[in-house]
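Quick heads-up: it's one chain on its own, the form predicted on its own, in structure tokens.
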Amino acid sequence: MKKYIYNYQTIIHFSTSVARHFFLLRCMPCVNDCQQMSHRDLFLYPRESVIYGADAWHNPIQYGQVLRPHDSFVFVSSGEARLEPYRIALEKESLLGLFQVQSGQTVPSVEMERFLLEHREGKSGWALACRLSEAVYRYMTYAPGTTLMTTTAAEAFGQRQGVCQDYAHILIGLCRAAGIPARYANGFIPGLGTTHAWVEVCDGGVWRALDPTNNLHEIDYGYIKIAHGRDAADCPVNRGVFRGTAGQQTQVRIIVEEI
């Protein structure tokens, strides 16, 4: 077992005051077979009301409202995680099929299907997932600002550049096309930065994880998971609506350290 402390800060500045702000967050780590929490804390400003619950995938969610006018919204998630090697038992076999079919952002292009055929070489299951993860790492170029939250795997693959979300969507699309159950995961990794995305693959009734962005064939320690879903659209960190026409500027800062 290893222990990590984390501090995740987001500050949203509005160009003018907004009101009746309803938000839904996924910023607090989940609890599973390989991840236990010594404590989890959430600071919100302004804070009027917040409810703690879970979404359809059993990810922790925090939702509420700020009715009075405000020109900024701040949330800070902090705590201590105790991690075992990354293995998560399959929750319900009935849900496994949902991670075997393509979703909105993972549908492969003809070029991706050709890429899959070029790299199969008799491999299947976990071994093929690892080979594809390395192939995606070598094929893509990490380039922030070249894609959007709505960019699909096919679009990112076509331009051969993107960020961790795009790498994950491409690998998921390839795995599902090969008959391998795969799902999108996000959270925090050691160091100073922003949220990160990786891929979970079901192998022998256990979810194991790969990080194609960092060419990590099997995640062991250090990845603090906050959510998973079919693709990024299922588990955004922050989603909300408000009354007003303000523009937004968002600052994010995450620190994760092993203790």
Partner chain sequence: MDKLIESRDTVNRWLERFGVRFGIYKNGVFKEQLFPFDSIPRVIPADDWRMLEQGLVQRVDALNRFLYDVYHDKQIIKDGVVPAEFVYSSKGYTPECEGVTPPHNIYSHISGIDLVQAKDGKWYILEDNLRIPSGASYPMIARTITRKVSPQTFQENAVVDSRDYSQLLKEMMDFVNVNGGANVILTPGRYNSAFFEHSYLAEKTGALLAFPGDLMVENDQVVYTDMYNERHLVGCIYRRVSDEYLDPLVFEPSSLLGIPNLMQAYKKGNVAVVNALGNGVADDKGIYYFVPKMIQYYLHEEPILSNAPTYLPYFEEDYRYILEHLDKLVIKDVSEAGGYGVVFGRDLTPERLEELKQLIMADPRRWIAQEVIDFKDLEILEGDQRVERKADLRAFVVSGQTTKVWKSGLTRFSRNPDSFVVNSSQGGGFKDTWVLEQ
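Positions refer to the first chain, counted from 1. This structure is a prediction, so every number in the text was calculated from the model and none was measured.
Not on display, but discussed next: the form predicted in complex with the partner chain.
Enquirer: Can you tell me if residue 194 lies within 4.5 angstroms of the partner chain in the model of the complex, counting non-hydrogen atoms only?
Expert: Residue 194 lies outside the contact set for the partner chain.
Enquirer: Residue 40 near the partner chain in the model of the complex, any heavy atom under 4.5 Å?
Expert: Contact with the partner chain, no.
Enquirer: Should residue 61 be classed as touching the partner chain in the model of the complex when contacts are defined as heavy atoms within 4.5 Å?
Expert: So residue 61 counts as contacting the partner chain.
Enquirer: Given that the partner is absent here, does residue 231 sit within 4.5 Å of the partner chain in the model of the complex, heavy atoms only?
Expert: No, residue 231 is distant from the partner.
Enquirer: State the residue from 218, 55, 33, 203 whose non-hydrogen atoms include one within 4.5 Å of the partner chain in the model of the complex.
Expert: None of the other options qualify; the answer is 55.
Enquirer: Between the options 95, 76, 148, 90, which residue brings a heavy atom to within 4.5 Å of the partner chain in the model of the complex?
Expert: If I apply the 4.5 Å criterion carefully, the residue I get is 95.
Enquirer: Does the trio 22, 101 and 240 actually contact the partner chain in the model of the complex, every residue with a heavy atom within 4.5 Å?
Expert: Yes: each residue has a heavy atom within 4.5 Å of the partner.
Enquirer: Out of the stretches listed (205-213, 186-194, 44-52, 220-228), which one is close to the partner chain in the model of the complex, meaning heavy atoms within 4.5 Å?
Expert: Heavy atoms within 4.5 Å of the partner chain in the model of the complex occur in 44-52.
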